[in-house]
Every structure is written in structure tokens, then in C-alpha cells.
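Starting off, we have a lone chain in the form predicted alone, written out as C-alpha cells.
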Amino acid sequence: MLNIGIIGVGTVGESVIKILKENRDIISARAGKEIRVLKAAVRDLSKKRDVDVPLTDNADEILDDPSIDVVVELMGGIEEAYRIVSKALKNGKGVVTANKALLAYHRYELQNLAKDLPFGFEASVAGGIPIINALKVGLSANHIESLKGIMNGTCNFILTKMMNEGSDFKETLKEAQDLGYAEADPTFDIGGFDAAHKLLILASIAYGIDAKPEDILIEGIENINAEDIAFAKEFNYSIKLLAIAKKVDHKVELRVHPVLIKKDQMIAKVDGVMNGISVIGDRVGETMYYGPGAGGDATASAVISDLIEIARVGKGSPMLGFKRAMESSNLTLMPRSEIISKYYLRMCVYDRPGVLASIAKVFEKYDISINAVLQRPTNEESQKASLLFSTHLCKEEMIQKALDEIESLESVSSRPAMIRIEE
């Protein structure tokens, strides 16, 4: 018997309890023993929940109960969750969590606390997709050259609708909220922060690199408009919010932002609320992982997979998948300024003679080579036109300096918009 206590009984917590009951036979067969919920902790006991396990509003009743073997943390948040998970480990209990924000900030401290105790977090990234296990076990013989992930279903739903139906961003966001795909305050999703937390977890497993969200490049999708969509279609691109980790020499790029990506790439075909992650290993080549990235049952499935593994093995393996330094070269985080990419730029300019020449002069100054240019018709009332550019490869530092200088030109009415091109 594996006795567990659950802290946080929201959508995922209810699904965990339900699946453990309804799929008891197959779970027990695979685990070799029954997995039983002894107690669950909630914030508000007066709120009705569709579960048949004892409830408490005191998490310490679970943390201090010697008969509970594993604590399942599903409460969310960072610092209070860190306190609870730390106490569980100090009390000798295994831990399973779906809390990506907690791990984005405290994964290395928790690994040091866990030592040989089991610590599962498959549900923290991409819901029902077993990407954690793939990196820790399935691809463990490989140096990971890169990984690219669509890891936020809200953004992917919005961008898919905009690409396929020409929908406006604000209208599509409202639809996502009405369907329950986006929160009332969607900033965490559409700003790229949710995907960034997940990327940091995967990068720790792939590269052993310790970085916080504040250390990496994060941009959201809120500024994408119909002109960007039209440019993408004209040049056979899709627009996706990608989380990217890439090893370049002894450094690792970590970044989350919208990208233009050719439609024939596998990850470009991941549409709607689904998630997809492409991983390239030096021996296996490219592998692709696809599935639901959120939702009660999908996330609960990943939680229970960790519980089954704990029941089978009875002890922990290294939490992040390695027992000593991952790379003899000691990989470091690449500064944002050194990232090299191709870029798409959208500029709103006054339709005057010499505008294009003045912009081209700035590009030349910063050694930026233009690949394609499109001009949209002038608005007769405002006398403004849109110029759309794509560049060849250049450094992030140079493109940012060029954008600063172009913004200051009298012929340019606002700061140019920019989307990176990923190939």
C-alpha cells in the first residue's frame, strides 16, 4: 500500500482522486500495490467538492502524519508551496507536484533537499505529455542539441484562430476566456511566463543549467496583428509561441517568444489548445511529443504516473536526472544580446520620399542584411504606410540597437514591431 496525502483539491486534485478510484484495478496492477488517498487539504472546507476522502484545512495534518508516504502538492503558488514541499521532504516523505512556478524558482533547492527521496514532477510541463520522463530516461544517452516547445494551449489556440480564420487578437482572447482556455487575467499565459517556467524545468534536465525566469528572454503574443498574419501566410510561415532551448558551443540559449516558423516543420502543425515539443538529440535525431497540455484528467494522468513509479521503485532517482555535473564544459546561459536569429520587422511610417533609404541606412550601420520587403498601401487619411521586412541572420544586440534608432526617425510613427524567425 502506498498512502498519499493531497494538498490542493481543485480541478486536478479532484481528477487525481477520481482516477485513482475509477482505474484502481489497472493502476494497482501496474504499481504492484494499491495507491490510497488518506487525506486531502483544502483552503476552504465550506466549498463543495466531488470527492469521498477526508478533508482538512490544515496541511500540517498531512505533512506530520507518519502513515502518509507521499505528499501530492497541487495548490499552486510559489513560496507557500515551497514551504510545504520542503517540510514534506524534511519529514522523509516523497513528493509529487504539478507546480511549474515552484520548480522554475526552487528546483535546485528541492533537489538538494530530496536527495534519495522520490520526487515526481511529470505534470509540471505539458500536462499529459510524458516529456520529463523522455528527457530523464528515454533520451538519457544523448546530448540534447535543442528543444522547441509549444507549451501553452491558450496562446496556441489564439494564434491558430488568427492564422486560420483571420480573427482579431482581442476577439480571440475573449473567445478563449469564454471557453475556459484563458483566465480572467490572461497575462501569465499570453505574456509567455507560463511557457518560460516550463522551459526552465526542461532546460535543467537537458543541460543542468540553473536560471530563473528573470534571467531569460520572454515575450508574449499580445502585439501580433493582421499584418503579421498576412506576412506569415505570404511566405508560408505559421506564427507560434515557442519555448526554445539550444546549445551553441559552451552556452545555452533559453528564450520564449512568438516565432515565424515554416509550415512544413512538424511543430508548426500543432494547432488549437494542443501542446507539442520537438527534441533533437545528437544520436537519436529529432523526436516529437504531442498531446493535451492542460486539463484535469490529462494533468492528473501525469501525477498518477509519478505515483505508480514511486510505488514500483520505492526510492528516488536524482530529481533532475543527473548525479553529477551534466557537461564537462560547464555550460552557461547565453546572454540575450548574443542570440543570433533571423527577424521579421513591421514598421508604421509616414509616406514620404526617402523613408526607405533612411531605414536602409540604419540597417547598414548595424550590419543587418534584408531578405525581403513588403509595403502595404498608404492610408489616405493618416498618410501612413506599413513596411514589412525580413532579415538574414544577425545578433539580437544589433537588431535592438537598430530598432531604437529607427524608432527615433521622424518618418517612423512608433516603435517597430519584431518577431523572430525560427528555422
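Small disclaimer: the values here were computed from a predicted structure and weren't measured. Residue numbers here begin at 1 and follow the sequence given.
Another form exists, predicted in complex with a small molecule; not displayed. Remarks below refer to it.
The chain is drawn here without the small molecule; in the model of the complex, the stretch among 180-188, 103-111, 250-258, 202-210 whose residues come within 4.5 Å of it by any heavy atom is 180-188.
Only one of 341, 238, 99, 278 comes within 4.5 Å of the small molecule in the model of the complex through a heavy atom, and that residue is 99. Note on the partner interface in the model of the complex: the residue among 158, 123, 147, 135 having a heavy atom within 4.5 angstroms of the small molecule is 123. Interface residue remark: residue 295 is counted as part of the site for the small molecule in the model of the complex, having a heavy atom within 4.5 Å.
Using a 4.5 angstroms limit between non-hydrogen atoms, residue 33 is distant from the small molecule in the model of the complex. The small molecule is not shown here, and in the model of the complex it never comes within 4.5 Å of any heavy atom of residue 63. Contact annotation: residue 41 falls within 4.5 Å of the small molecule in the model of the complex, judged by heavy atom distances. Within 4.5 Å of the small molecule in the model of the complex, a heavy atom is found for every one of 12, 76 and 299.
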